[in-house]
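What follows is one chain in structure tokens, specifically the form predicted on its own.
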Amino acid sequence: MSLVLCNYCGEYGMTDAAEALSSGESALDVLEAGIAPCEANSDIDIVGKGRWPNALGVMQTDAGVMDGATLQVGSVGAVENITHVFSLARLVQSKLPHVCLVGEGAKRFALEMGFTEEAEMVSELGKQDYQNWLRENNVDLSQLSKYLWPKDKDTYSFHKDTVIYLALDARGNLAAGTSTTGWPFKYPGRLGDSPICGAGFYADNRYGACACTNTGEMTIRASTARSVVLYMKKGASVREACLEAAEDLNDLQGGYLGSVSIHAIDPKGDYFVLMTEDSEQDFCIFEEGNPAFRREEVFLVPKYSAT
């Protein structure tokens, strides 16, 4: 059963991804078909031409991709003025001996590969949000580290998220992909889990694929995406593997503890999505043979107790 799955904010590209899957394209091409429209849509807050820049007002984007057939990975981080960073991550995967490029090096590679540098990545609404953030917090740009810890995570008004896609193609190949602008008003150069293989994404044809969203600092600490796939390797179902990984997250002590959403599929086409907070979200799923994709609710697990 071939399928493609994305989180709620990936819906903008789901029709394109479904068409690619139905046309017999590879899992990697299906991911790119779905993610690229999201990156180009400035109405989506957290990816590509988005809404929330870093603490200096500059948009820095991250992306990652993994091919479950070969376990090859490509990722980029803290890239400025480039919209389609998922496509760039694919080129890192296929054109370079490296796995990850960041900052100026990633941008240099993008320009070598013919990407167009964008004059403006932050939406007008995002510019307003940034100026409001500066004013309301009386931010001193020379002391940014003083302003980045949310006073109350339950009322933190700017959500953290990533566009994620997972695909299983007709040949039985799995792939996982991510693209994001990251934490709103983050410290310049911050990388979350989206470009970190094993934390924000992982795919292995033998066992399954996983991608995570929201609080990347936590999934980096727990190696969540890789853990889900390893639990499946050890015999867990998709559901059991995700719940086991959620327990790992729940055991984290100290640091910033927020919500995490885990999306996973296995080689048989079974899937499961959970979220570790009590905020309602959903996800999109398309299975080949169906007329269109559908939305389903995530499974909610108990909220973290901050320590």
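Residue numbers run from 1 along the displayed sequence. Being a predicted model, the structure only gives us computed values, none of them experimental.
What comes next is about the form predicted together with a small molecule, which is not displayed.
Trainee: Thinking of D161, W183 and G192 as one candidate spot, does the small molecule come within 4.5 Å of a heavy atom in every one of them in the predicted bound form?
Mentor: All of them do, each having a heavy atom within 4.5 Å of the partner.
Trainee: Would you please decide whether S75 lies within 4.5 angstroms of the small molecule in the predicted bound form, comparing each non-hydrogen atom pair?
Mentor: No.
Trainee: In the predicted bound form, does E217 come within 4.5 Å of the small molecule, counting heavy atoms only?
Mentor: Taking the distances in the predicted bound form, the answer for E217 is yes, it comes within 4.5 Å of the small molecule.
Trainee: Residues in which of 229-237, 139-147, 184-192, 105-113 have heavy atoms within 4.5 Å of the small molecule in the predicted bound form?
Mentor: It is 184-192 that comes within 4.5 Å of the partner.
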